[in-house]
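One chain follows as structure tokens, the form predicted on its own.
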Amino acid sequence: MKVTEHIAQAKDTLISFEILPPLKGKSIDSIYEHLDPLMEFKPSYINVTYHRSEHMFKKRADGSFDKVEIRKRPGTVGICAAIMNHYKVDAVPHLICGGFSKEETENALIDLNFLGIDNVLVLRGDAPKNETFFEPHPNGHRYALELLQQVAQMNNGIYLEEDLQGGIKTRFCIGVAGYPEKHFEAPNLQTDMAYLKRKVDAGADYIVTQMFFNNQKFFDFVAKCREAGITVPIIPGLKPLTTKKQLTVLPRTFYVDMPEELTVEGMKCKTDKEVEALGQEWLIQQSKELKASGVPVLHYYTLGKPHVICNVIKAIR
């Protein structure tokens, strides 16, 4: 079922989760162990992130180095199929521009369609860790808008091969990212909003936001979207604060502001266990306020902390 169909049929705020594929060489059992305690909350769908290859240098016996390409977290498509088979819950694979050609993207979409996966979250993706700027695959997409347009074309039965006639129409529900505090590369929020509007006009069915820790930022973002004529569902993305280090790492990595109150109280904590308890309570209050405001879905970035998310959801039911 499409994400938008879940939302249309819901009588209350839905719950969804986001997970990472396991590191290469690890068992899918780690996914099940992560999700098992969360399934009692009947998530409407589960997002699975996609990770581009990274270039690394391996030293040879003669002292020289070989540049090799490694994908540390493969398996997104297979994990989505496994989740749907194991839990009978819809899965939403991420699709990214970085490291993929248009043909590879088309083939991935064909596989997803054959598997009965109705949803994709379309993202540009980040630059590799050892590179400053994002560079697309030579035969790929530079922007999420272009990737979205390719998915929308396939929904209309249009494939890359121009002479291909009678191509089957896919039925993907397309999600895109929104940034309440703006994308870090956008010169200002107005420019970022205009680009988001272009994605919606090109066929995006819903928006899921970057994490935020101040609900007012989300409410202001939604208001600006509505003023801009963006009418699709807007889903808040939520993450718990669990370590003291995250007080500085999260703002630097994800370009989000930490509220002063949360920062002051977090700095008082002597252990990460204390920070986790603080972050859990903060997320509970965030979730309660967002739910009361009528958001369609509470989307939790679980990222190795399912027990925290379990406690949060129990507290807001």
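As the structure is a prediction and not an experimental result, all values here were calculated from the model. Each residue number is its position in the shown sequence, starting from 1.
The next section is about a form of this same protein that is not shown, the form predicted together with a small molecule.
- Shown here without its partner, the chain carries 83, 106 and 172, none of which come within 4.5 Å of the small molecule in the predicted bound form through any heavy atom.
- Taking the partner from the other structure, the small molecule in the predicted bound form has a heavy atom within 4.5 Å of a heavy atom of residue 183.
- Using a 4.5 angstroms limit between non-hydrogen atoms, residue 198 touches the small molecule in the predicted bound form.
- Contact annotation: residue 230 falls outside 4.5 Å of the small molecule in the predicted bound form, judged by heavy atom distances.
- Not displayed here, the small molecule is approached by residue 121 to within 4.5 Å at the level of heavy atoms in the predicted bound form.
- Only one of 214-222, 140-148, 154-162, 242-250 lies within 4.5 Å of the small molecule in the predicted bound form by heavy atoms, and it is 140-148.
- When you look in the predicted bound form, the only residue of 96, 79, 112, 204 with a non-hydrogen atom within 4.5 Å of the small molecule is 96.
- The listed set 263, 49, 286, 44 contains one residue whose heavy atoms approach the small molecule in the predicted bound form to within 4.5 Å, identified as 49.
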